[in-house]
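The chain below stands alone, shown as C-alpha cells; this is the form predicted alone.
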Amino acid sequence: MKKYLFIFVLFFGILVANVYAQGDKVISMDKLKQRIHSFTLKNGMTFVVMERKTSPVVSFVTFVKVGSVDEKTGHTGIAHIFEHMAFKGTKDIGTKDYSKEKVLLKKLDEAYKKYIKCKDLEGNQGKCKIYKDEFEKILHKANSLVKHNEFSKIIERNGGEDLNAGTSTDYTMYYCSLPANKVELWFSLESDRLKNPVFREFYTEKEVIREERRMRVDTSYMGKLIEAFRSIAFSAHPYGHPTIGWDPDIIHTTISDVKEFYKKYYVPQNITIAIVGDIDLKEIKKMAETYFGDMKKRPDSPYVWTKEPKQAAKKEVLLYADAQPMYIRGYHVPGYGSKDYLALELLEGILSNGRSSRLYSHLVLEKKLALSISAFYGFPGERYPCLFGIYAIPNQGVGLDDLSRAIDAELEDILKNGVTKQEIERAYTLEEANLLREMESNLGMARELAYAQSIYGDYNRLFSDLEKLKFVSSKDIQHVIKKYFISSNMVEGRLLHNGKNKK
C-alpha cells in the first residue's frame, strides 16, 4: 500500500476498483495475486516473484531491512555509506590486482585512523601532516588499482536500466532492470556483491557523500528545518538520526567500521529479493539456490529497543533565514501494525491527497492561506512509533501563527463533526490508485512487494490492508485525532523570514 521514497500522490479521477491494466488486458486483483509466489532459502533469505510476460524485461529489487534507525550514536550515516560501497565491486570486479589492493586497503585504513586521531586529539599540525601525507600516498596507490564503475558498466553493456539504490530510515534498497535473457547475469553479480563487497574508493566516496549532505541539508533551509525538527522530535529513539548522517560521523567512519556494520546487518534473513517480469519460477528458484544458497546465516540483526519517552509538553524549533517561510508539525503516533494504523493512513488522504482534500481545498484554494500543504503518516519510518506530520508553505503575507490556527480549526472540525462517507471513499480510492499506479511497471511492482514482505512481514498485506481501509469509519478517524493530536504530543517547526512571520 505504501510507503517509500518512490511513491507520490496522483489523482486518477474515476478509477475502476480492483482491476489492473496489463497491455491490452484487464485482469482482476485476485488473478494478479495468483501470479505472485514467495519462497525462503534455508539461510533465511526470502524471494517474492511475479511472472509477467508482457515484454522480455525483468526488474530486480534487493531490499535490506536496515537504515539509519539501526545506526548507533557516533556512526550515523553508515547505512548510506555502505550503499555507496555496494557499487564499488568485489574481489573480481572493479580491480586490476586484488591481491595488491587488499594489502593497500588495510594499510590505508590504519593510516587514516592515525591521521584522524592526531587531528582530533593532539593538534600537532606537523606530526599530523606526516600522517596525512602517508595516508594520501597509500590512497594514490590503492586508487591506481581500481577499475572505475566496472559493476555499473557490466549492467549497462548488457542492456540494463534503472540501476540505482536508496537508503532510508527503515531500509536500504538496490534495484535495476535487465533483458529477460540476462537473469542469470544479475544473480551472479548481485550475489557476488552481497557476499564479497570490497570497500575500494572508500575515502574518496566519503567526500562525495559529504558534498551530498552539504547540498541537501547544510545549504538547504528546508533540509535544515526538517533535520532540526526530526532531531528534537526524537530525543532518545534513533529515528532522530539524519539518514545521511552527521558530518563529524561521516568524517570519522572507517573501512573497518563499515565492515562491522555489513557483517551485522547484511545477513540473509534480513534480505528480501523481489523479481518481476518475463521469468520462469522454477528457473528462479534454481538460480536462487545456486547463487545465494551458500550465503551463511548469521545471528539476527539487533532490534532497536529504545523507546521515545512520552512528551510532557509541546516541543518547538525555530529557524531564522532570509528565505521562504515554512511550517511543519508532527504528532507522535504508533507505527505499522498498531490498531490505529489504518485510521491514520486514511486520515492522511482525507487531509491532503488531491485538490478536494480538507487541507488543500480549504487552506490553499478557498482561504488562500497556503501555497501548498501536505499531510504524511509514517515519518521518518514505519517500523517503530513515528510521526503524523503536516507541512505547509504560507501564502505571501500570511503569518505562520495564522496558518497554524487554520490547521487547528480543520482538525477540530473533524473532531466535532467527523468526516463524510464521500471523503472516506475518496481517500480509499486514492490509496488504491497509488498502488495500481506502482503496479503498472515491473520495477514499481517489485518495490511494493519487497517493501511489504520486509517491513510488513508478508507481501499479501499489500492487498489485505488496502481492503481493510474500506471499513475505517468516521469514528475511527475522530478517535485517532482525539488520542494523538494534542498539544503535549506535538512537535512544531518554523522557518521564519528574519523573525517577521511568527504572527
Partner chain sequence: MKRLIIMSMILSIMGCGFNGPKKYNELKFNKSISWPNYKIISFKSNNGINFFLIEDHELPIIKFNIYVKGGKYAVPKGKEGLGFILAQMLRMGGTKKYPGEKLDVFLEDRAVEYNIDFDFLNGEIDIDLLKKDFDTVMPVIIESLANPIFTKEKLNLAKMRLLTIIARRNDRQEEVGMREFKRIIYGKNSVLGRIPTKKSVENISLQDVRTFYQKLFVGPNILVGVVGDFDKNNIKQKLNNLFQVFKKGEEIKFNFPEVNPPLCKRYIIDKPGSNQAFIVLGHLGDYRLNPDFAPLQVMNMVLSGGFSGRLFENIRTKMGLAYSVYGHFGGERYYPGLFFVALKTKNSSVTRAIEAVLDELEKIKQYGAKEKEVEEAKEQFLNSLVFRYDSPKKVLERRLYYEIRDMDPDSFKKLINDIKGVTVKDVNRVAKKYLQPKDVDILVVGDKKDLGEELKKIGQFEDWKLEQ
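Worth saying up front: this structure is predicted, and the values here are computed from it rather than measured. Residue numbers count along the first chain shown, from 1.
Although it is not shown, the form predicted in complex with the partner chain is what the next lines describe.
**Q** Considering Ile138, Val267, Ala370, Ile328, which brings a non-hydrogen atom within 4.5 Å of the partner chain in the predicted complex?
**A** Result of the distance check: Ala370.
**Q** Heavy atom within 4.5 Å of the partner chain in the predicted complex: which of Ala409, Leu365, Ala313, Leu121?
**A** Flagged contact: Leu365.
**Q** Choose from 376 to 384, 304 to 312, 225 to 233, 141 to 149 the stretch whose residues reach within 4.5 Å of the partner chain in the predicted complex, heavy atoms counted.
**A** Of the stretches listed, the one contacting the partner is 141 to 149.
**Q** Run the contact test on Glu156, Leu185 and Arg214 with a 4.5 Å heavy atom cut-off to the partner chain in the predicted complex and return yes or no.
**A** Yes: each residue has a heavy atom within 4.5 Å of the partner.
**Q** Check Glu440 for me: does it contact the partner chain in the predicted complex (non-hydrogen atoms, 4.5 angstroms)?
**A** Glu440: contacts the partner chain in the predicted complex.
**Q** Is Tyr221 a contact residue for the partner chain in the predicted complex, using a 4.5 Å heavy atom cut-off?
**A** Yes, Tyr221 is a contact residue.
**Q** Quick one: is Ser464 in contact with the partner chain in the predicted complex, heavy atoms, 4.5 Å cut-off?
**A** Contact with the partner chain, no.
**Q** Whether Pro56 contacts the partner chain in the predicted complex should be assessed with a 4.5 Å heavy atom distance threshold; does it?
**A** Heavy-atom contact with the partner chain at 4.5 Å: present for Pro56.
**Q** Of 159 to 188, which residues get within 4.5 Å of the partner chain in the predicted complex if you count heavy atoms?
**A** Gly159, Glu161, Leu163, Ser177, Leu178, Pro179, Ala180, Asn181, Lys182, Glu184, Leu185, Ser188, in sequence order.
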